[in-house]
Ligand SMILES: Nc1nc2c(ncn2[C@@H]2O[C@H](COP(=O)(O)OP(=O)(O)O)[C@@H](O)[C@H]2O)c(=O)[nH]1
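Here's a solo chain for you in structure tokens, the form predicted on its own.
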Amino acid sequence: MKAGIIGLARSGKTTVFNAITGSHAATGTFGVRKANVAVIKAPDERVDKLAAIYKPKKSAYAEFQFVDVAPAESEGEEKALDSAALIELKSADALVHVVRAFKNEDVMHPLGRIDPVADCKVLEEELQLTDLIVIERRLERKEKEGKKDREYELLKRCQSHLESGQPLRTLEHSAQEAKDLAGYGFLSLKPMLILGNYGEENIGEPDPAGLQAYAASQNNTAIELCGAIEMEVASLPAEDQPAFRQDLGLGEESRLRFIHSAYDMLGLMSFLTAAEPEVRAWTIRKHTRAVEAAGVIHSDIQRGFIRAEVVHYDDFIAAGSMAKAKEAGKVRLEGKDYIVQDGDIILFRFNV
């Protein structure tokens, strides 16, 4: 998954980026045009336990790519995004809106006030306006060509929805319409996680700025963290981090909280493959059929799919081995239309 980190200037985007990825990107560099990019592996205890049993040559985890886009050029503008950022975000699977909820007189808010909910609305309006401009240009071209086809009608619906002040992610559309819209890379159509960046004084407080309530009213998701403290902890040796987190009352590791929230927001889950060469977690969407899951590994496996040998991770661990799981009747043979479940360990049989 590729997540684009966005937000108004001085919201602490790069600080949050460092906290989640363990990177050391320079902070406080307003005006720097280069985006920060990092890839993290999603920790998965199931992969670790299977690796201890199979002792494979390689263990592979689900990966997340984060892109911390640069803020808009002018300090005097309310805009969070410029043309370079828009291009970078087109290919993102989801957006993470870092919202400033901390107070710091040495770091002035570009709008001169601390109002997290208002910032959410400012950026949401910017995303919607960006999409509306794209749609209007496309509709104008369609009308000149006299092509009032299915795409035209769909874009007209999108236009009306945006003009009513609603993001495209709240527009009801069919699976076919979703495919038709995918190529545009509309920003307000992308799932968005609101991430409140709080000060140290707010640690342990439940939703101090009302972002959870606002997100719920928008059918959205919000989490909170103290970016500055989290970045400091992320820079410590891994073995020292749990004790510091406990002393500071930070709770679950920030990257884990983000990953869990992102999985829920995007409707993702993981199935597993396990053998001596490799133990691996594969990320798919919920309700994915076995034949489609096979294609995530390799197109040849999907094309030549015969059947899937399936055992759930919990049943495998309880049995202790694949042989004992088979003896206990926990291993099943499933066909193409089997709906893969989170934690399934699958061996695909295929022939090409």
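Note that residue numbering begins at 1 and tracks the sequence as displayed. Every value quoted in this text rests on a predicted model; they were computed, and no experiment measured them.
This protein has a second form, the form predicted in complex with this ligand, left out of what is shown; the following refers to that one.
Trainee: With the partner absent here, would L8, F102 and N197 each sit within 4.5 Å of this ligand in the predicted bound form, counting heavy atoms only?
Mentor: Spot residues vs this ligand: full contact, yes.
Trainee: Heavy atom to heavy atom, is A228 within 4.5 Å of this ligand in the predicted bound form?
Mentor: Although this ligand is absent here, A228 would touch it in the predicted bound form, with heavy atoms inside 4.5 Å.
Trainee: How about Q65 - does it come within 4.5 Å of this ligand in the predicted bound form, if we only consider non-hydrogen atoms?
Mentor: Flag for Q65 set to no.
Trainee: Decide whether T14 counts as a contact residue for this ligand in the predicted bound form under a heavy atom distance cut-off of 4.5 Å.
Mentor: It does: once this ligand is placed as it appears in the predicted bound form, T14 has a heavy atom within 4.5 Å of it.
Trainee: Going by a heavy atom distance of 4.5 Å, is M265 a contact of this ligand in the predicted bound form?
Mentor: Taking the distances in the predicted bound form, the answer for M265 is no, it never comes within 4.5 Å of this ligand.
Trainee: Just one of L86, V107, L139, L256 has a heavy atom within 4.5 Å of this ligand in the predicted bound form. Which one?
Mentor: The residue in contact is V107.
Trainee: For the chain shown here without its partner, which stretch in 147-155, 271-279, 257-265, 197-205 has non-hydrogen atoms within 4.5 angstroms of this ligand in the predicted bound form?
Mentor: Of the stretches listed, the one contacting the partner is 197-205.
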